[in-house]
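Shown next as structure tokens: one chain only, the form predicted on its own.
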């Protein structure tokens, strides 16, 4: 009996991981110093991890009367890295929903695949697109489940969702690592998001058009990003809008299209003009 009790004691999971004074290191998937979940706390919008593994770059979303605009900042951490021509922060979940990511990309890939499967299951069962808020709420339930059980690590990623459905029209949602979500007219997540939020509060106006929303998003990004120059390789831009035929379209801009938008907005830097 005593041998069984000793074996059971050693098999029990450690309730609280040890936190060293040098930093937030933990042996288990979750750590709770002073009733805070470290992975969730470090992945909230605006938190930037400087250990060299990931950084939470800025993303901006603006909802207008005729569409929703998403802008994400791309950073080249080393000139030795091979340039990636595909999108790194913008993802299309369904024909009527797109999202932009800030946080750990490996975690984001898992959640995006989960959202795509949920959207297709709904379409198969009900022969129609899944309502945008229902999709965001379903993904939030998945993320919340990873914050309440021992041995699990919360997903270290925040999302901005842009979409359209027949119930509420154009919609913009923000979802944080805890699973909470909310609808917004305009918002920003990631590094230096407070400065971007302040600018959006001052410059956003009701009944803004999609073209004006693109202009505002690019202006806010150029004034709040760390680098002094704004070029097409440093950002990604997506728009969700209705075509003249009434079909929802998610458009991801190419580098050539971004260059034209930057010239039109007057944000092209001298290096780009010289070339």
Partner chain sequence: MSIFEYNGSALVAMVGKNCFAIAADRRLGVQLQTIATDFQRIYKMHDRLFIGLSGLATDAQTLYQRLVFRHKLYQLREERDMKPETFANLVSAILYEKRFGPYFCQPVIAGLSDEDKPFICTMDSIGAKELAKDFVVAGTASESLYGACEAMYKPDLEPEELFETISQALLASVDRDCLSGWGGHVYLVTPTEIKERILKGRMD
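As the structure is a prediction and not an experimental result, all values here were calculated from the model. Numbering follows the first chain given and starts at 1.
Unshown form predicted together with the partner chain; subsequent notes refer to it.
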Checklist outcome for this item: Among 134, 194, 120, 106, just one has a heavy atom within 4.5 Å of the partner chain in the model of the complex, namely 120
Item to check | Among the candidates 198, 113, 138, 144, the residue which, in the model of the complex, approaches the partner chain to within 4.5 Å (heavy atoms) | outcome: 113
Next on the checklist: in the model of the complex, is there a heavy atom of the partner chain that lies within 4.5 Å of any heavy atom of residue 89, even though the partner is absent here?
Outcome noted: no
Item to check | Heavy atom of residue 95 within 4.5 Å of the partner chain in the model of the complex | outcome: yes
Checklist entry - Is there a heavy atom of residue 124 lying 4.5 Å or less from a heavy atom of the partner chain in the model of the complex? => result yes
Checklist outcome for this item: The stretch from 165-173, 182-190, 124-132, 146-154 that lies within 4.5 Å of the partner chain in the model of the complex, judged by heavy atoms, is 124-132
